[in-house]
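First comes one chain, alone, set out as structure tokens in the form predicted on its own.
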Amino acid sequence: MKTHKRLSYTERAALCTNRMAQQLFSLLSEKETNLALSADVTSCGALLELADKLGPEICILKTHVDILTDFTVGATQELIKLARKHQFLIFEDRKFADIGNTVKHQYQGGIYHIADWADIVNAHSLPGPGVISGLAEAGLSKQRGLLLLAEMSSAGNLINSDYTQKTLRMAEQFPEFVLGFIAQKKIANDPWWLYMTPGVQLTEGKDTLGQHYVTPARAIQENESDIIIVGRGILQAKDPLVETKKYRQAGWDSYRSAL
């Protein structure tokens, strides 16, 4: 049985010193949605269409820019406009995992210039604190935020509890840049860390490639995550907008019930 008080998003925003965490907790509360859409599509047109159609229902649009076959800088500029119009943040799911100098260039340069348009990115802690330092050099001045991968939802992944706790300790060294974690459950009682959980569907199960799915209620109420990440459960639906509204309601109801 949990012994600590479950704070609201608004209460936690007031306790944050990380600017991006404050902004995101406030957005969750004001927009009344804790749904992140994983927009795993392969064309800019499809990405922008999803952003415009489903943007009013979500708090975050999660992208994989390197699977876009027709990427242009203009598309990211249009995405920024839609994010402002519909009030959601952009999260590039890049999963940086190299030495600091390399990830700095991957983040700010190349053909994608991720630091110019993505509010949030993520990284593996495996390379050590240098990966955070390198990303911070490129993103902190632009008021960006970083999530660390503390847990994964795929079967057979090599992350164990020791790795997760070391990831937490690493995050504590960079409170101005790290806003939280990709995780299956809350890993610390500090209220300023934000948790996003992938692998969420309305019914539990798994796919043929080892992905485990949990329900919004399990993720938010039982595991004390903050944001549910949904991809195929929405994208493969007959009517993605109707399904998005279902997930939004399920996620928000689970949050309200947890308070």
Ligand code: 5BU
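A residue's number is simply how far along the shown sequence it sits, counting from 1. Since the structure is predicted, the reported quantities are computational estimates derived from the model, not experimental observations.
Not pictured, yet referred to below: the form predicted together with ligand 5BU.
From the list 35 to 43, 50 to 58, 214 to 222, 22 to 30, the contact stretch for ligand 5BU in the predicted complex under a 4.5 Å heavy atom rule is 35 to 43.
The contact with ligand 5BU in the predicted complex, taken as any heavy atom within 4.5 Å, belongs to S153 out of S153, T164, Q106, T76.
This chain appears without its partner; in the predicted complex, the one residue of H113, H86, K186, K95 with a heavy atom within 4.5 Å of ligand 5BU is K95.
Using a 4.5 Å heavy atom cutoff, H64, I182 and G231 all lie near ligand 5BU in the predicted complex.
Ligand 5BU in the predicted complex comes within 4.5 Å of no heavy atom belonging to A171. Using a 4.5 Å cutoff between non-hydrogen atoms, A138 does not count as a contact of ligand 5BU in the predicted complex.
Ligand 5BU is not shown here, and in the predicted complex it never comes within 4.5 Å of any heavy atom of V131. Taking non-hydrogen atoms only, L147 never approaches ligand 5BU to within 4.5 angstroms in the predicted complex.
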